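Starting off, we have a lone chain in the form predicted alone, written out as structure tokens.
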């Protein structure tokens, strides 16, 4: 469960008024670590806040994306998902189940940064690099 104080602090830190709707959306994003779709978020919120309008949820998500509080992720099937965790990480996308998992690897980050420091892209400043690694579940083999 997300900490209510942390959620309120995050909203205020990003210059947003603390509203029940914003708190509910951000709480859903932190609680649903599955990189939920907007529909997943709405379904989750409706359990405790049945009167929050669908349009409000979509507008709130877009506001959070604009403020770089969350990220949009598009799956291989062009499904829009949201990630409430903005720390440096990549994603593993399971094509057979449409699941996305966070992937943390400092060695990979260093390798990518070193590569692009050596191979400059003309007239382009890299701000961030995120990989989406696509694959399928394989059964445990012993």
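Positions refer to the first chain, counted from 1. Note that this is a predicted model, so its numbers are computed, not measured.
Note that the form predicted in complex with the DNA isn't included here; everything after this is about it.
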Of 79, 65, 111, 95, the only residue with a heavy atom within 4.5 Å of the DNA in the predicted complex is 79
With the partner omitted here, the residue among 103, 44, 58, 30 that in the predicted complex has a heavy atom within 4.5 Å of the DNA is 58
Taking the DNA as it sits in the predicted complex, is residue 52 in contact with it (heavy atom to heavy atom, 4.5 Å or less)?
yes
Do residue 10 and the DNA share at least one heavy atom pair within 4.5 Å in the predicted complex?
no
Determine whether any heavy atom of residue 38 comes within 4.5 Å of a heavy atom of the DNA in the predicted complex, and answer yes or no.
yes
Residue 16, heavy atom within 4.5 angstroms of the DNA in the predicted complex:
yes
